[in-house]
Structure formats: C-alpha cells, structure tokens
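Next up: a single chain in structure tokens, the form predicted alone.
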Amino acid sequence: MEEAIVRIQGLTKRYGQVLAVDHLDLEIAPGEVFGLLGPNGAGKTTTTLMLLGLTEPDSGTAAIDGRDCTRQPLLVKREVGYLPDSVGFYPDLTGRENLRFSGALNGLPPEECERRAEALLERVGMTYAADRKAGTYSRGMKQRLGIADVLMKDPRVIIMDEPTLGIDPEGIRELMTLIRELSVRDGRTILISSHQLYQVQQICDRVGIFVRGRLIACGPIGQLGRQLQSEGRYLLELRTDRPGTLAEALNGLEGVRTAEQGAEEGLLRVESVRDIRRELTMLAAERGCALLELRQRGGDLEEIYRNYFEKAGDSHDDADHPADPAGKGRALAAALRRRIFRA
C-alpha cells in the first residue's frame, strides 16, 4: 500500500466497563474506498468520532494526512468532510442557501461560495431543486445535498455514516455511482461506516469487519473469501427435487459440517471443510436426486461477513453486543447533525 492518508495505531476507547474500540490498527490509502462493517454497537461510530477529533481515545493514536486527530483537530477538520446517517439542513432555507451558508462557515468568499454551490448542485443532480426549501426534500435528496455540502470545503477525506439508509433503489444506485466517482475521478479517500453489505460490496476497494470493538478481518472482498476457503470453510448452495434425501446423505459425508434445507422449495445450503462438489454430484446420482442448480458460495460479502462473525463467536444480530450501552457514541454523533463539524 502507498503511504497511508489515514493511520490508526492501537486506538482504544472505553465507556465505563465496556471496551468500545479495542486496540484498533488500520491504514487507508489515498483515493481508496474503505468499508467499515459491523452491527450497531460494534464500535464504528466511536471510531468515527475519534477520527473527527470529537472524542478522545484512552490510548493509541489516529492521524489523517499526518495530522493527529486528538491534538490537531482543527487541522484535521480542514482535510475531512463528514456525512452523518441523517443529514440536517435548515428547513426554511433552500438547498442553494444551505450550501452558501456552509461555504461561509468554511471561510469562502461570497463569489467562491456561489461558484462552488452551482457546480456541486449540478454534480450531485440537484440543480432542479436548488431553490426549493430543504424542508421539502426527500431523504435521498438530502443525502445528495449532503455530499454537495461536504464538498464545499474540498476535503481530501470523506467519512460517511450509513449513506444509503432509507433511500429507494434508484437513489442508492445514483449515490453509489457518485461515491465511486469521488474516489476514481477526484482521488478522494472515502471511509464508509455501514451494515448495508450489498451496497458496500459494489464500491469498496477493501473492507474491515468490526465486532465487539475489534477489527477481526480486513482486506479486499475476494481475498477475504479465499482466506476463508483456505481455512476450510466451503459453502455450497444447490437446488434439487429431493432436498430431504440429499441432505441426509450429505450429513453423513466426511468433511461436511452441515447440510440444511433453505426456506425456498428445493434449496439446500451445505458447509464443508473441503470442496465436495464431485462427491455431491455422485451422491445425488446414487440417491436418484436431480441437481437443478449448484454453485459455490463464499465470495459475496454477506457470506464472508457471516462466517467471520461465526469465527469470532458472535452473531450479526445488531442487539447482541451493546458496545456503547449508554448510547454515547450515537448521542455525540447526533450533535453533529447541524453545523458543528466545520473548519
């Protein structure tokens, strides 16, 4: 990896007796789109707040572009834009007026505010609604205006918290295209904190899986899938006309951990410690079971996510681990819904 623009070493944060972030080490390269994945309470929000200089770690360091996030928070804020999961704007101001206000808070002269606002409204596809009051905007429109708002100060790094939450499918597609463009065309570094796995898989160069305050896996999605296979975690999904018969036969085959029927008719999911496709085909023929579909799973992010959670002895149920029991991380993040995070 080239010289990291985000560098985290041994970052640790406790809330009372709860270890919210546990000695986190992470480096993110310039221009990379990195997905920080995990359920609510895993420590993602606390990590974000420490990167933004809004809460202090108990130990360890975090730096963005060589600037210490705790000791030099104002310098960090000049380099970083933050898009919370619920973007707040002054509802009685138009989209254009909100952007002008944001530019003024960042010290831009009026002429530059106007120029940037116009260009960014066009870029995020909001020119048509620029002179409507922000209080009339849908969630998807607010998210797009939020990206324009973040870009008003031209940050090198953008941190996004659940950017696609509550947006319709077409809005998600447009937003994903825009986020990827910010990396590829602009060279900006994007850190996305999310549990929306399908969207993250579409745009991230690498992902980190967070559980109980620990980063339990980190790398490109394909590499994480191959690593699981090398550790003896093979996943097959198949359809047959006799799922019960084949499941019984497979559960007696050496190397098979589980063979379970899925909710859909004829569907079987098989987990094994080795590749059993050839033996499975022979078993199906011997038992008179027609194989209607067969595919190796494990390369998609949902399967990778589930398997790493199982390895960590956890569940991906959001309620399983309230790493932030008092809601302090979310409460602090809520304070950012307005204009606190300005250089």
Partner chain sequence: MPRRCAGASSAREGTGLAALYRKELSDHLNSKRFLLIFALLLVVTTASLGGAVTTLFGGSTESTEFLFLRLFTTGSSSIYSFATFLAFLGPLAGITLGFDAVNTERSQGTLIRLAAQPIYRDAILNAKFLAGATVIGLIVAALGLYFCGAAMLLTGLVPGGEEILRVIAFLLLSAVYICVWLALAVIFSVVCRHAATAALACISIWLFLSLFMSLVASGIANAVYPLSGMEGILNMVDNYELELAVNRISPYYLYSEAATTILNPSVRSIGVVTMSAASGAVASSLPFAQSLLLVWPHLVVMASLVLAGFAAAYIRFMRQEIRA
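All values derive from a computational prediction rather than experimental measurement. Numbering follows the first chain given and starts at 1.
This protein has a second form, the form predicted together with its partner chain, left out of what is shown; the following refers to that one.
Proximity to its partner chain in the model of the complex, taken as heavy atoms within 4.5 Å, picks out 80 to 88 from the listed stretches 257 to 265, 172 to 180, 80 to 88, 191 to 199. In the model of the complex, Phe101 approaches its partner chain with a heavy atom inside 4.5 Å.
Heavy atoms of Ala63 never reach within 4.5 Å of its partner chain in the model of the complex, leaving it off the interface.
The closest heavy atom approach of Asp154 to its partner chain in the model of the complex falls within 4.5 Å. For Arg132, no non-hydrogen atom is located within 4.5 Å of its partner chain in the model of the complex, even though that partner is not displayed. Contact check for Arg226, Leu236 and Glu303: none of the three has a heavy atom within 4.5 Å of its partner chain in the model of the complex. None of Val273, Leu93, Ile216, Leu253 but one reaches within 4.5 angstroms of its partner chain in the model of the complex through a heavy atom, and that residue is Leu93.
Of the listed positions (Met126, Ile221, Ala249, Leu108), a single one reaches within 4.5 angstroms of its partner chain by any non-hydrogen atom in the model of the complex, namely Leu108.
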